[in-house]
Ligand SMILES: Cc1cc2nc3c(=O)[nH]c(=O)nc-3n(C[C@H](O)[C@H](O)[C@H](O)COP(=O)(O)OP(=O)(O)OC[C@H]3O[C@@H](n4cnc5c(N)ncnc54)[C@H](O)[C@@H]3O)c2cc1C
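First, one chain by itself: the form predicted on its own, in structure tokens.
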């Protein structure tokens, strides 16, 4: 994926529309999540951080739709989703356990203009803060940053239950380097020899593992409503202006 292609997507701002997607590949992402690669011939492209509505229709005509972040930023033709199962949900259990290559899904998108990152738009550093599956759109940003060889420094603080619950573990490890750093917080169980305490993200850890306000980072926070509201409040307490903090809450089923 080239930087010019990504930039052109940002300039054109494709209008949301309904599309028919064909499942090209499914794979287990975590014990409770699946990664879906969808071929969408009419897909106009999407920016890193965008989301899409997925609609399912039952044989009796009943429909259910939920929003999911897109785990990629592509010029055209393809959408990658990483869906975490909500046990009581109407859509996510089907996407995680039942969908197979060749199946067709209805998508509405691309959606979202506020919670996106565009290569070349700013030289300011970027701080990403993820809780659980909230890492999906932030991974898309990190991947777009790496693909474009963008000069803005990137840092991701990722709170996850265990090492098995890390989304895009191999891809994030491959991105790590001078321009991208990854900080993991394990809330339930850490790998053997992990130097830090296991437990929920704290204000002190947030302060120690994120870019300071003096560097004027652009900040993107995604996770559950409680996680996002708490982190956003802590960031403001640490001196970051509210205008610099972009938030996205997940709750799709």
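Residue numbers count along the first chain shown, from 1. Everything numeric here is computed off the predicted structure, so don't read it as measured data.
Just so you know, the form predicted together with the named molecule exists too; it's not on screen, but the next bit is about it.
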property	result
Open or blocked, the named molecule overlaid from its pose in the predicted complex onto this form, 2.4 Å backbone/C-beta test	blocked
One residue of 125, 120, 93, 101 in contact with the named molecule, assessed in the predicted complex (non-hydrogen atom, 4.5 angstroms)	93
Contact segment among 102-110, 77-85, 175-183, 138-146, judged by heavy atoms lying within 4.5 Å of the named molecule in the predicted complex	77-85
Residue contact check: residue 205 to the named molecule in the predicted complex, 4.5 Å heavy atom	no
Contact label in the predicted complex: residue 35 to the named molecule, heavy atom within 4.5 Å	no
Residue 69: touches the named molecule in the predicted complex, heavy atom cutoff 4.5 angstroms	yes
Non-hydrogen atom contact residue 153 with the named molecule in the predicted complex at 4.5 angstroms	no
Heavy atom within 4.5 Å of the named molecule in the predicted complex - qualifying residues of 163-189	none
